[in-house]
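Only one chain is shown below, in structure tokens, and it's the form predicted on its own.
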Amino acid sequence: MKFITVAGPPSSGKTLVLIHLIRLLKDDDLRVVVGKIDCHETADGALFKERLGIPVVVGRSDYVCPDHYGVVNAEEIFKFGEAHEADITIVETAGLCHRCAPAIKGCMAIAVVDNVSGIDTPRKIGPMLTTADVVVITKGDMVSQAEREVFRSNVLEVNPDAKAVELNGLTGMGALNLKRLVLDAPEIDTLTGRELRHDMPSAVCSYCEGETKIGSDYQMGNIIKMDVKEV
């Protein structure tokens, strides 16, 4: 089974990208299941079922980082795919902080970013983008040709080994190119023992444990302070 992670900033178009991609994969009679990870309530699970009629499992990370939650539950999603005899299992993660790193060694990793976020955005996104095999660039119809070219150049500057695919989330134009790349993704028989391509964000502090008061007296754990010389 192919196990593919899809990450990207909020509202970059991840779900629409996957809908267009999965439609094309289903045309080849491939069995696809989706694991959808979000923070709170999400209607995307129902959207996949209504538009595509495929098995979907939805996880809500609540107060936990969605990518930590995704890695903890990766085996369960893999087994969900096996139970449905899937050819391809796709995990769409919320990817809220640009530091998140859900990519797994030996499995295809896709990052979705949009032109509207600004031409310097690729330089601000961390391992989510720099460790991806494929970078899908959306919303190109909303910016000029020059902006699209600069944005694409900046993507490839931070991740020169990635395949960059421009995809229109409204029309699906570009989805065929993404499908071809997905069909070349490696297959695996288990996730157990596999490694992440990059370490996850480390954030175990007093606020992670429920603290709400501000001030050094209430802070403990993994704390990084700014070096403000005037203070």
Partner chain sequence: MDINEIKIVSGADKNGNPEAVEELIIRKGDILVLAGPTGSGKSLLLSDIEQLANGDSPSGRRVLVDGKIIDPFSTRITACLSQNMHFVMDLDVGSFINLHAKSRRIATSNTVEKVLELANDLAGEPLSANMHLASLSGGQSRALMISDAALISNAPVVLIDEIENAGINKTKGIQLLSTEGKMVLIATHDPTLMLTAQKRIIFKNGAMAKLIQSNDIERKHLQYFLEIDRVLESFKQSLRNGNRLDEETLKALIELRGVNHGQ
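Keep in mind that what you see is a predicted model, and the values were worked out from it rather than measured. Residue numbers count along the first chain shown, from 1.
We do not show the form predicted together with the partner chain, though everything after this point is about it.
Chemist: Where does the partner chain sit in the predicted complex: which of 162 to 170, 50 to 58, 30 to 38, 65 to 73, heavy atoms within 4.5 Å?
Modeler: Result for this chain: 162 to 170.
Chemist: Using 4.5 Å between non-hydrogen atoms, is S206 touching the partner chain in the predicted complex?
Modeler: Taking the distances in the predicted complex, the answer for S206 is no, it never comes within 4.5 Å of the partner chain.
Chemist: Test of understanding: in the predicted complex, would N177 fall inside 4.5 Å of the partner chain by heavy atoms?
Modeler: Judged by the heavy-atom cut-off of 4.5 Å, N177 is in contact with the partner chain in the predicted complex.
Chemist: Is E149 a contact residue for the partner chain in the predicted complex, using a 4.5 Å heavy atom cut-off?
Modeler: Heavy-atom contact with the partner chain at 4.5 Å: present for E149.
Chemist: Would L196 count as touching the partner chain in the predicted complex under a 4.5 Å heavy atom rule?
Modeler: No, no contact at 4.5 Å.
Chemist: Check each residue of 108 to 123 against the partner chain in the predicted complex and list those with a heavy atom within 4.5 Å, in sequence order.
Modeler: The stretch 108 to 123, when checked against the partner chain in the predicted complex, contributes only I119 at the 4.5 Å heavy-atom cut-off.
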